[in-house]
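Here's a solo chain for you in structure tokens, the form predicted on its own.
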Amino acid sequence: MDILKLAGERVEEAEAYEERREGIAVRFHGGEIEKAASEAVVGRALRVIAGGRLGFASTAGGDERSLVQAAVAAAAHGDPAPFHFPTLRDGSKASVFDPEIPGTPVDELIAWGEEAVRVIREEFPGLVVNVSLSRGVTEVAVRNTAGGECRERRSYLSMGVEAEHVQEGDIWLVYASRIVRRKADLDREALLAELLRYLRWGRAIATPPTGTPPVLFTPTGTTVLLLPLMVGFSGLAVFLGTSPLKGRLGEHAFDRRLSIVDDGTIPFGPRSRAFDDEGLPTSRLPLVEDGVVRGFFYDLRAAALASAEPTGNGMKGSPLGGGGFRNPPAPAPRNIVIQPGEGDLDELIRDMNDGLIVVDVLGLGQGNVQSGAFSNNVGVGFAVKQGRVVGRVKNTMIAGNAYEVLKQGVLAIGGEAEWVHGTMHTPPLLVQGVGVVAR
């Protein structure tokens, strides 16, 4: 029996989510190929409204009756459901599928991995090099008892390269990755150039600046500042009062040079899609315009609680992705896009004179993310003196508040944006007001 009909016998409303993923994964460990295998996952999730409460369950292989039973049992202790599942319409299409990706042979992925190992070891023969690659297709379908169905095929291609320096008393790891939906968008040369640049900068160990020096966050490093915003722009957090942005719609809460859009419609964007994980159409949603707060993102539940309209942001997993079908949808961004400013990375380094470059941190999300506070050990960072990089730093920590830094401490917004973490298109940010300590 169809799972919606089966659930309909026991609950008021139900929503079925199905995800089929087929692909190939290749991994190199220590420069040698470790894995080259196909992978296939079929996941299903059921969300129900039973007795006015929400229940959720998922399975990667269980039968329909067990899934319904688990969701109904969860509803007994679930949150009240302030909304009804809407009738779904499979409307506008999104550019999210590239037929070249599923046609990419495993031998080509292996050749890419071998090339990455060779290029790095030509200049740094003593490093441990790990490479991971994957490609495939995900098919997603959303249905509910109100009627209608949304279905979409999405391609994915990813490459990550890790170089590890291991000596007694000195372990240093540098990582660069790309996640794309279109094969032509995977710039392997740029990925390796980024990694080699950091390895060259890190040949020497430098004394880190301390106090509150200028700090240049590279595109990957900007996650330290942007993760609290991804939480703060959630309509649910605003409604509950846990977001510092509550009551600040239309206010200049950020530097006037800062503009942020959440856009699920970008052709072949890493998190683009025609519909969210609740089956609602995606859109382009301005969050910040010239420093002014313009909107928040909502799923069905948050919109109902806040008496707002859902924005097609009901997403499974965390703000940075992951989790997949095993999580119920919640308000989260699609593609976060930061409007670039001016100047490339080298120009920003010259302009900062003496300071710190942050590429990556350990324990992302430590601190009180909801308030904007961060406190992290620097994983990959470099000291800058008189406008040039003098070496990597060790045993260095940064701390501050993202809202305060992005309001009062922006020195420059770089002109060259990159996709990072498969969810953000962001330029580097040069800021002040970040505390730096070292031991």
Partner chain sequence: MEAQLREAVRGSRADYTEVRWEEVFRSRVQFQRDQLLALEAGEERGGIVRALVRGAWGIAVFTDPAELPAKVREATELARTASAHVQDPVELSPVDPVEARYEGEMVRDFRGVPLEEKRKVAQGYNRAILSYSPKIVATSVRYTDTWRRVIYANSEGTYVEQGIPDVTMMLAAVARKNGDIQQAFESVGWAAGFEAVQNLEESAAVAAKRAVDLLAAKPLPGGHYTVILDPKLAGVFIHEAFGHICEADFLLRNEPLRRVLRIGNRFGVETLNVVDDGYIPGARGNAPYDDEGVPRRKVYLIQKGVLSGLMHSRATARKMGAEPTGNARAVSWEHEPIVRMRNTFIEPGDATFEEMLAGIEHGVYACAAFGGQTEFEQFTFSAAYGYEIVGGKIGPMVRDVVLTGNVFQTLRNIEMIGRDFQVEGSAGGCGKGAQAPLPVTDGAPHVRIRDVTVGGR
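If you superpose the two forms and keep the largest set of C-alpha atoms that fall within 1.5 Å, you have the rigid core. As the structure is a prediction and not an experimental result, all values here were calculated from the model. Positions refer to the first chain, counted from 1.
Another form, the form predicted together with the partner chain, is not on view; read the next lines as being about it.
Engineer: So, Ser132, Arg197 and Ala412: all three within 4.5 Å of the partner chain in the model of the complex by heavy atoms, or not?
Structural biologist: No, the whole trio is out of contact, none within 4.5 Å by any heavy atom.
Engineer: Which of Arg89, Arg326, Arg257, His84 has a heavy atom within 4.5 Å of the partner chain in the model of the complex?
Structural biologist: Going through each option in turn, the one that passes is Arg326.
Engineer: Pick from Thr104, Asn144, Thr265, Ser243: which has a non-hydrogen atom within 4.5 Å of the partner chain in the model of the complex?
Structural biologist: Exactly one listed residue reaches within 4.5 Å, namely Ser243.
Engineer: With a cut-off of 4.5 Å between heavy atoms, is Ser307 one of the residues that contacts the partner chain in the model of the complex?
Structural biologist: Ser307: no, not in contact with the partner chain in the model of the complex.
Engineer: Taking the partner chain as it sits in the model of the complex, is Arg21 near enough to touch it, meaning that at least one heavy atom pair lies within 4.5 angstroms?
Structural biologist: Arg21: contacts the partner chain in the model of the complex.
Engineer: So in the model of the complex, does Leu364 come within 4.5 Å of the partner chain, heavy atom to heavy atom?
Structural biologist: Heavy-atom contact with the partner chain at 4.5 Å: present for Leu364.
Engineer: For Gly52, is any heavy atom within 4.5 Å of the partner chain in the model of the complex, or not?
Structural biologist: Outside the cut-off, so no.
Engineer: So if I measure heavy atom distances to the partner chain in the model of the complex, which of the stretches 333-341, 225-233, 276-284, 109-117 falls within 4.5 Å?
Structural biologist: This holds for exactly one stretch, 109-117.
Engineer: Out of 26-44, which residues reach within 4.5 Å of the partner chain in the model of the complex, heavy atoms considered?
Structural biologist: Read in sequence order, the residues that approach the partner chain (within 4.5 Å, in the model of the complex) are His29, Gly30, Glu32, Ile33, Glu34, Lys35, Ala36, Ala37, Ser38, Glu39, Ala40, Val41, Val42.
Engineer: Once the core is superposed between the shown form and the other one, does Arg392 show a C-alpha displacement of at least 2 Å?
Structural biologist: Arg392: C-alpha displaced by less than 2 Å between the shown form and the other one.
Engineer: Rigid core fitted, is the C-alpha displacement of Gly414 between the shown form and the other one 2 Å or more?
Structural biologist: Gly414: C-alpha displaced by less than 2 Å between the shown form and the other one.
Engineer: After superposing the rigid core, is the C-alpha displacement of Leu54 2 Å or more between the shown form and the other one?
Structural biologist: It does shift by 2 Å or more.
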